[in-house]
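This document starts with one chain, in the form predicted alone, laid out as structure tokens.
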């Protein structure tokens, strides 16, 4: 299947509303940057790479609609567009990577007619989307060799096609392993409170015919102890220069359990998810979301009114718990500071 959750058609993007999956497959059209920003904020689209793709199109739409007499005025308005998009979600660094890429492209074209700049910014957004799927497939090829034939792999949250421009990061590795002829099955934990594992990962894998078993978040340790899990693979929303990994809340707990039971814990993420400006995970901003995601399931209240609620959307897994980081440029182990830096040198 490898669905593309974002599709450009006739001056607009269509995005599948991931809040309604798996019971409804609803596509919504977006033609302006304000509505794209709201789609990111409200989690119509989610997953760090997919957020980056959506943001790139948001900038292109904003540029298309700017009325300006010259480049200076145009660029000042473009910065306002980027600021609106940047304010949506703080943790996923791909958002800010995409905005910087679009700004850079605009500055490179400073001497061109504004209509040409608008056209080239749309082309840049299309390139971001196309490159993301290609990157994921390359990541899958690198990671597939780490997955043994017959492996039973636990994954947390959704790092599949729905979270990217297509194919997926963590699920891309699993897809690539299956495509290479290996027999692989997946345990998807539900991923409270937004249930990305139950709603999205299980839906994707079932559509692809990859065996998937849904488990509650608190079952992982028991199943590891019983020998029913052979390894863990997750995606990431931001990776610090030292290899500390910010991912969906609950990832840290899974990593601790994997270490206790001697299981490999792999992270699959593109270079755009690595934030070399942040030395370690303590500097990664953690988004705190609405309490209603915890107190309710849909419209149904699960908890008493008036209680305190915490809802951090992400946690940080220390690099020492990560067996390897899988990127489109290869696999890094051990000294992540040196290994990740080397990947960027090779990328230049």
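Numbering follows the first chain given and starts at 1. Since we're looking at a predicted model, the values are computed, not measured.
Beyond what is shown, the protein has a form predicted together with a small molecule; the following relates to that form.
Chemist: Please state whether all three residues 43, 196 and 247 have a non-hydrogen atom within 4.5 angstroms of the small molecule in the model of the complex.
Modeler: Verified in the model of the complex; spot residues all in contact, yes.
Chemist: Indicate whether residue 51 is a 4.5 Å heavy atom neighbour of the small molecule in the model of the complex.
Modeler: Yes - in the model of the complex, heavy atoms of residue 51 and the small molecule come within 4.5 Å of each other.
Chemist: Check whether residue 101 has any heavy atom within 4.5 Å of a heavy atom of the small molecule in the model of the complex, and answer yes or no.
Modeler: Taking the distances in the model of the complex, the answer for residue 101 is no, it never comes within 4.5 Å of the small molecule.
Chemist: Could you confirm whether residue 47 comes within 4.5 Å of the small molecule in the model of the complex, counting heavy atoms only?
Modeler: Yes - in the model of the complex, heavy atoms of residue 47 and the small molecule come within 4.5 Å of each other.
Chemist: Give a yes/no on whether residue 163 approaches the small molecule to within 4.5 Å in the model of the complex, heavy atoms considered.
Modeler: Yes, residue 163 lies within 4.5 Å of the small molecule in the model of the complex.
Chemist: Since exactly one of 118, 89, 105, 152 fits, which has a heavy atom within 4.5 Å of the small molecule in the model of the complex?
Modeler: Result of the distance check: 89.
Chemist: Going by heavy atoms within 4.5 Å, which of 72-80, 222-230, 236-244, 109-117 lines up against the small molecule in the model of the complex?
Modeler: Going by heavy atoms within 4.5 Å, the stretch is 236-244.
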